[in-house]
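Okay, here we've got a single chain as structure tokens, the form predicted alone, with questions on binding and movement later.
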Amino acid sequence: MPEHQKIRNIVIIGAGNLATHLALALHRKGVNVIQVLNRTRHAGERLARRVGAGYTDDFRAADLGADLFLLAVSDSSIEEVAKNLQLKAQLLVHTSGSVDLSVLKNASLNIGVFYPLQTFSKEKRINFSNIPVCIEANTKENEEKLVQLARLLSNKVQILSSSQRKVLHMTAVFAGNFSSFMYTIAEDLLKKHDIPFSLLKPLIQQTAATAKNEDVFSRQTGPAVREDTKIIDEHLEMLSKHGVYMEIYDLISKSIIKHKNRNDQL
């Protein structure tokens, strides 16, 4: 891509976790964050100072000379904020995993998606190099611009349609949010019996390491994959006073058995 077509100057809309990490990461890579636009002054000014940018809470004062307007706001706010920017042909992208590209179609002639697949916390510095960044755009030229920008941050850049990205986001809930809640259940049950959660950490680390391989289910262990109904029933009895935990254990165990038997028949 010719130098003059690359994205060099960016306006960040938002100052939350994702906006902060993207602004800082792009700034470190030499991309100019020229303005932070955020409704909450304190958070917006703080982020602007960190990247040497201007700040405004006025949509009418957005710097229309930017090469890219990057929306890092809540999913429910994307459409409204995009329209308030009053853009014409400036490249406008959102960063959501679950919102369709078309939500931006009335906000600008040039639109896209720049979705990093990761959870973000302001307190924890993020290394973007291994974080997948998923790209979508309404033209090949815009797609190429966003791919080039993403490659400044990540070694894993993937072009996905809106429907594919929504599937990815949904599966991330299983792999990330739900698995994290399984740890919460384990921790809660252990506390009730005065057992330290730290005893499970080597197992958790080993499980996470195993999940790095393909064909994850082939490495599944435990009573369900062995169809050890005696142990399963014993565990369900132990959980009988814990209501929903027993239901979760039963449902997941049945799902594992069903998945195993289906694969055995292939």
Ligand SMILES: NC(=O)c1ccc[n+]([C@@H]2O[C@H](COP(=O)([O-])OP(=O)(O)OC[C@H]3O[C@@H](n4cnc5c(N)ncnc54)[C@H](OP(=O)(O)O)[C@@H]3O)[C@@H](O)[C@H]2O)c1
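Throughout, we count residues from 1 along the sequence that is shown. For clarity, every value in this text was computed on a predicted model and none was experimentally measured.
What comes next is about the form predicted in complex with the ligand, which is not displayed.
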Worksheet entry | Touches the ligand in the predicted bound form: D75 (any heavy atom, 4.5 Å) | yes
Fill in: the ligand contact at Q35 in the predicted bound form, heavy atom, 4.5 Å
no
Worksheet item: Taking heavy atoms and a 4.5 Å cut-off, does F59 contact the ligand in the predicted bound form?
Response: yes
Fill in: Exercise: G112 in contact with the ligand in the predicted bound form, heavy atom 4.5 Å
no
Worksheet item: Between the options R39, R28, R49, K201, which residue brings a heavy atom to within 4.5 Å of the ligand in the predicted bound form?
Response: R39
Fill in: Contact stretch among 103-111, 181-189, 155-163, 67-75 - heavy atom within 4.5 Å of the ligand in the predicted bound form
67-75
Worksheet entry | Residues of 17-33 having any heavy atom within 4.5 Å of the ligand in the predicted bound form, listed in sequence order | N17, L18, A19
